[in-house]
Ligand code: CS2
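Listed next as structure tokens is one chain, alone, in the form predicted alone.
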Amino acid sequence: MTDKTLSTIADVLARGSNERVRLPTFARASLRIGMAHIGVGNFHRGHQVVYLDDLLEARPDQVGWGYLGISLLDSASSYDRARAMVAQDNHFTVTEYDPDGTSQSRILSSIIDYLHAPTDPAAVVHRLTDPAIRIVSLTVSEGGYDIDETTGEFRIDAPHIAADLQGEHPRTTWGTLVAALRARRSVGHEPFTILSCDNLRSNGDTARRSTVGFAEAVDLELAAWISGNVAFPNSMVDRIAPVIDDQLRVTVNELTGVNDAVPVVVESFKQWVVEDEFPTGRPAWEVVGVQLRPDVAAFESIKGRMLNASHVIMSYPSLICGFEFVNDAAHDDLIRRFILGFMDRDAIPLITPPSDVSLTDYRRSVLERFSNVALPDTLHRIATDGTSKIPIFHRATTEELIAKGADTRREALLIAAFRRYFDGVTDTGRRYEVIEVKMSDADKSLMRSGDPRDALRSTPFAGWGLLASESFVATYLAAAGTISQQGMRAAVEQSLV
């Protein structure tokens, strides 16, 4: 089947039916823009847009909350996506895969306009000045907040930020938000709420630091107004939405029978927990399963310590054992027992969940999601940038286990496996690229040193005080020795005895 034999989205919508793709049931012509979103990638389109389409189908009175999509990126892929979205009148398909591989596909319609900022630099700020836009949400990646990892402050000296402060039209997220808020203030419009949907803890607080940090370099009075009047609710988002390469695009288009240039593929699981702080209103998200509650931090802790931490701790041993994909490793009995051992023995005892949340159920969902055969995510992608990921998702757990005198074998194995990862070759002889762009050459030398203790002196781990714990060092050295002498599988097995 070729693209020429597939139906276009416009044709499918015009016919009003398609046996392989569910069509929207709400009247799109009645939609009005009430939200803008910066960073219209696969995750946004497969997560927040799904929730809004669901809401519009359940509640026709919510037609004032349509999305304006905004891309600030000046890249070939950004241009291509913008052209494709406009050509398809901002419709696209989403295919959800259950853990058993079965799927359901639909066409989404709640993005009703799309702006590509590099094409028309003045248009974005102009549109965001419209008082009808009451929420601006963001998916700009965890590293897109320009926060100094050491000081926790906004990096006003970052080259792209400095350039934005001098430019005629803003090109960064923070320059754009501040310019729009300044314009709204000048004409007496209420500010919009800024809703981060990125995968980082306290994402609303982080968005506040970045927005106010940029504003302080522009106008201290404006910065004070933003700090006092703009809401930045924290949220926790969760859904796997993999990158769509040409092969996957062809596969999903053949499944749906629709020639979609920008399809989205997601797992069936989704979750969104949001602080209910929207002074100028919000969609009735609670109707479609969004959890509006004050204890977002508790959900962040569960996700970070169980899902994200399990992803990281399984990635290095699994990769070195010779597995390529997460789902293949998750189906291996030893790796599966390792993931369960980490969650049951190390993570869950340190978590205090909300009274209405079952950690046993969450644990089961983690394994189901990792095992999804229809969403092949590579272990190499998960292992990349361990310099950032391991401290975020494992430092607190490791430090608490040491303080309690508890078993640290799984955490010690993680660091030993990370050190082994720098060899760039699996136990089966397959080579891979070691990608650690945030690690200095000096730290890389410590990771490759003949003395395993040197890895604990490297920047990602130096602040943990691991060398001060004789028991942890002994456990770590035992893991490193087993990896070197008997291989990774033997080391994983010993961590579970």
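Nothing here was measured: the structure is a model prediction, and the numbers come from that model. Heads up: residue numbers just count along the shown sequence, starting at 1.
Omitted from view is the form predicted in complex with this ligand, to which the following refers.
Shown without its partner, this chain lists 182, 337, 249, 381 as candidates; in the model of the complex, only 381 has a non-hydrogen atom within 4.5 angstroms of this ligand. Contact with this ligand in the model of the complex, defined as a heavy atom within 4.5 Å, holds for exactly one of 202, 119, 199, 327, namely 199.
For the chain shown alone, residue 308 is a contact residue for this ligand in the model of the complex, at least one non-hydrogen atom being within 4.5 angstroms.
Residue contact with this ligand in the model of the complex: residue 91 places no heavy atom within 4.5 Å of it. In the model of the complex, residue 238 approaches this ligand with a heavy atom inside 4.5 Å.
This ligand is not shown here, but in the model of the complex it comes within 4.5 Å of a heavy atom of residue 303.
Segments offered: 238 to 246, 163 to 171, 109 to 117, 408 to 416. Contacting this ligand in the model of the complex at heavy atom distances within 4.5 Å is 238 to 246. Residues from 460 to 497 do not approach this ligand in the model of the complex: none has a non-hydrogen atom within 4.5 Å of it.
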